[in-house]
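First, one chain by itself: the form predicted alone, in structure tokens.
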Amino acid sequence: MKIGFIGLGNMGAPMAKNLAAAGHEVAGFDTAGVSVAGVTQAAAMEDAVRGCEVVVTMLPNGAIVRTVHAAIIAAADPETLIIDCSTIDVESARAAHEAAGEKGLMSLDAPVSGGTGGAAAGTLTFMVGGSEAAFAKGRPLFDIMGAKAVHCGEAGAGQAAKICNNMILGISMIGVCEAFHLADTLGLDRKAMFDVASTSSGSCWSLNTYCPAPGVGPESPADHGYKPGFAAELMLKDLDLSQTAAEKNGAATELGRHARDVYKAFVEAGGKGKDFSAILEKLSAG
């Protein structure tokens, strides 16, 4: 396929690189002028879009997605599929779908889980919203960029799944960090704590796979000074999205709200730029 890729940041660059490595003709554009191995660097966004069968975007927020997608829609060929892999609010995702549909273009909202490591390794999980036909057309690309793609429903369903999933993640990571902190104060060895909880009712992804305690369990950002695989400010962004959606739709998410407040305080107190699991470091420091 001929593919346009807009947004070549920490996630977008390796995703575009994997598409090019798989033999697709990829033209990329980023306002920062980023160059990616195997990807043709377009001078303008419209140059990256014209003549493409598929355009993939990976952008910071809903407002930017709306603006960029308006430009993409104006420049795209008929029957182009637009895949937005950004994590944004459901309303902006639905608006982008509507704008594409008005021009006869297919579209998908397809946020990802797996972080920069998953983007580089091609092991991301895609949560996808849009029509069955659009999902079928995009599926071969999801198979290159990721290990799993789940069609969650119609327009906006991918974003809904992403914010619900990451609300679980934010809540569970705080719980794991608090448990290790309590274990420390009780004089319990962290390895013993891990060996018990990871094989009993405390078992969860935040503990078993992404343990926030360095030197315990599988290798994680905690073992590298909390250099982010998933930055705390990005977790805060996702928790903000979940709480905005909860408030607009009358959903009771007390723990989600509390997790948002914990991450907000952490980011404002110097946690920006650290992995979201560094909540444990903050607790340990007192």
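All residue numbers are counted from 1 along the displayed sequence. Only a predicted model underlies this, so the values are computations on that prediction, with no experimental measurement involved.
Just so you know, the form predicted in complex with nicotinamide-adenine-dinucleotide exists too; it's not on screen, but the next bit is about it.
Looking at G273, you'd find every heavy atom of it more than 4.5 angstroms from nicotinamide-adenine-dinucleotide in the predicted complex. Heavy atoms of G38 never reach within 4.5 Å of nicotinamide-adenine-dinucleotide in the predicted complex, leaving it off the interface.
Shown alone here, A27 lies farther than 4.5 Å from nicotinamide-adenine-dinucleotide in the predicted complex, counting heavy atoms only.
In the predicted complex, T80 stays away from nicotinamide-adenine-dinucleotide, with no heavy atom inside 4.5 Å.
Stretch-level contact check against nicotinamide-adenine-dinucleotide in the predicted complex with heavy atoms at 4.5 Å: of 232 to 240, 47 to 55, 213 to 221, 255 to 263, the positive one is 232 to 240. Though nicotinamide-adenine-dinucleotide is absent from this view, in the predicted complex it lies within 4.5 Å of a heavy atom of just one residue from V112, I72, V176, I163, which is V112. Checked against nicotinamide-adenine-dinucleotide in the predicted complex, the residues T116, S172, S203, S131 give one hit for a heavy atom within 4.5 Å, which is T116.
Using a 4.5 Å cut-off on any heavy atom, the residues of 5 to 26 that reach nicotinamide-adenine-dinucleotide in the predicted complex are, in sequence order, I6, G7, L8, G9, N10, M11, G12.
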